[in-house]
Each structure stands twice: as C-alpha cells, then as structure tokens.
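In structure tokens, the next block holds one chain alone, the form predicted alone.
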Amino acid sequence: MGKIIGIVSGKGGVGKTTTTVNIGVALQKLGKKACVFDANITTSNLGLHLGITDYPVTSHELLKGRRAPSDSVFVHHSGMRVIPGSLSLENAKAVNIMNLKQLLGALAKKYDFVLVDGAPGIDRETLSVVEASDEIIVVTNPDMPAVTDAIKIIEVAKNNKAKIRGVVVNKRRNRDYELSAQEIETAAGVPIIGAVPEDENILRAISEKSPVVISRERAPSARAFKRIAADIAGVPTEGADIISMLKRMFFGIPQKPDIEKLTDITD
C-alpha cells in the first residue's frame, strides 16, 4: 500500500502545484512509482505544468463517479503518472469531493506515492484532502502573510488528527526581511522539511511545461526539490544523486514532455 501525501497551502501563489509536480517527478527518478492527482477543483492547473492540455477525462469526472481511474491516468515521459483536473469552471459543478478518500485509496494500491495537489485556503476542498491523506505537507513563503495562512491550515490539519510531515518554504531569497527558519518553525509548530530558493529557472520550466528537476536538474531549486523527495522516500541525498547520475548515463535527459494515455492503471 502506497502513501497518500496531501500538499496544501494557506493561500494561493506560494508554489504549491510547482512543489507537487517537482517532488513527484523527483520521486519517480528515485525509482518510486509516483502519481500526482489534481484535487484543486475550482482552480485546477496541475496539467499545465506538465504540458497536458488535451485530456477528455479528468479528476473531475472521477469525483463525479462517471469514469474509472484507468480512463484518466496519463504517463509523463519521466514515468510519473498524472491525473489532471479540468480547466473548465463549469466542470467543477456537481463534483462530489466526498469521493476523494475512496478514490485516492484505490490509487494508493497501485503506486508507492500519491501526491495530491489540494486547493489553497481552508475550505471544504482543502479539508477533504487533509482527511483523505496519510500525511500533509504545507507549502508557504517566508513572509508574514503566507506563514500566517500556513498556520491556519496546520491548525485545521491538527484538529482533524492529520499527520503533518512538515513545511516546505518556497521562494526563499535569504534576505533579512524574511522570516527565518527558526521563526517559521516556532510559529507553525512543525518542522521545515525543505527550503526552495527563489529561482528564475522555475519560471522558465513552467513556461516550457517541463518540471525544473528535468529541464534544469542542476538548478538550485531542482536540487532542493530532489532533497525533499529523497527525504520522503527515505533515501540519503547522496544516494539520490547517484541514482540520478546513473539514469542520465543510461537513458539520457528527456528534452520535452511525451504524454500518452494509460489504458491500464495496474501497469
């Protein structure tokens, strides 16, 4: 049985989806079977980060109970499996978010890690992700408004007896006006499991629709995401670097997305 990890944030714009996608690919590169699921019902965009723009079946149809998971799982060229959400606000209507836990449970039987990209904030969508996940990762930025909102979602998770793995601090600039790691951990009451620096390479990667851990794997942000993935997978960072090096030697570096629809979720 795999592990379901909900990735949430107290507010939008902190880099939650970027974090989800890059950790997922990094886990796959470590030899883990990873699947990312878009549970951001109203503002879905996980697929855009991976160049998936044409997908007739989405997580929305699954949550409506209209289609089976095998109809909507795509495989990215990295090997990571993807269940994107619909870009249409109309498709968000009549979605039964209460189906999320059962759906993710079925996926966890097929994959080592199921990463769930939740909606920002503390509404019902986010709460459903918290309730359906084995562990929660909270993404924030090192500024007071973002950390304040992160504390709110952490409190919600604690009130629901959820296991919080920790906080990922994204867009770190190492400036004196930012909250320090100690200040964030003290305020949040949970450990920081990774800090991702502000990096133009991430914006370029999003524009190219290729995660930074693939398109610019030696960039500072890519190294940070790989360290977080290694921690999640229980692999020493040095071991993760060796695995990545061997894969480059034998398989090369994919240059652009190559996505195809899976016909069998069990593969």
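These figures come from a predicted structure and were not determined experimentally. Numbers for residues come from their place in the sequence shown, where the first is 1.
Here the subject shifts to the form predicted in complex with a small molecule, a form of this protein not shown in this document.
Proximity of G51, V75 and S78 to the small molecule in the predicted complex is absent: no residue of the three has a non-hydrogen atom within 4.5 angstroms. Heavy atoms of D231 never reach within 4.5 Å of the small molecule in the predicted complex, leaving it off the interface.
Interface membership of S59, defined by any non-hydrogen atom within 4.5 Å of the small molecule in the predicted complex, is ruled out. Put simply, P120 is close to the small molecule in the predicted complex: some heavy atom of it is within 4.5 Å. Shown alone here, V196 lies within 4.5 Å of the small molecule in the predicted complex, counting heavy atoms only. The chain is drawn here without the small molecule; in the predicted complex, the stretch among 155-163, 106-114, 169-177, 130-138 whose residues come within 4.5 Å of it by any heavy atom is 169-177.
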